[in-house]
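Form predicted on its own, single chain, as structure tokens, below.
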Amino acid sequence: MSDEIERALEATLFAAEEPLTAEALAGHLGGASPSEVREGLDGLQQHYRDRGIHLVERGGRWHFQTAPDLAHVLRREREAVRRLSRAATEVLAIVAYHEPVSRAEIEAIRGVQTSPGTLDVLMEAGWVRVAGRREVPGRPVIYATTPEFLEHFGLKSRRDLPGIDELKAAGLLDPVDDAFDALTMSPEPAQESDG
């Protein structure tokens, strides 16, 4: 039965237009239980481990993708990808690390006002969504990331976001902050030696 489920999962994932959860796959297969589907997905993932495509899970959803070491084979000239502005990148990072977060909270963290267009760009890209309203006076809208955000950045979950040490090691944190901290720390007085 396991081979039959693996074959059905393989066909379903190959034909799917978007990544699917284990529950959605169980629904497609009719009589398969979620545990059988997960077992089948694990088997397929092992089968494709050394192949030209891999079965991967991103944000709880499964899909096939090109093996990372073969991506260069498929590269073609593409239209220039529109880069995010620095403001949009900052807002995306704040939403990812602090979600759910309101616009006022984003502005408090950034220290500057955020243009409504910045959040619109992130929502159009499919990386940020409205997650409801905070239960406080004024009921501000709160924002969170989407499964597409996880998929685009190759993350299984938000727990896979890099920590401060990883960001520093990658040179992605502003060295001005470190330099300022070093200047403002009082050095210990030098001890004189008998000499």
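One rule holds for the numbers: they count along the sequence shown, beginning at 1. Small disclaimer: the values here were computed from a predicted structure and weren't measured.
What follows is about the form predicted in complex with another copy of the chain, which we do not show.
Among residues of the shown chain, Arg51 is one whose heavy atoms approach another copy of the chain to within 4.5 Å in the model of the complex. Although the partner is absent from this view, Asp69 contacts another copy of the chain in the model of the complex, with a non-hydrogen atom inside 4.5 angstroms. In the model of the complex, another copy of the chain sits within 4.5 Å of a heavy atom of Leu29. Among residues of the shown chain, Leu44 is one whose heavy atoms approach another copy of the chain to within 4.5 Å in the model of the complex.
Shown here without another copy of the chain, the chain has no residue in 107-122 lying with a heavy atom within 4.5 Å of that partner in the model of the complex.
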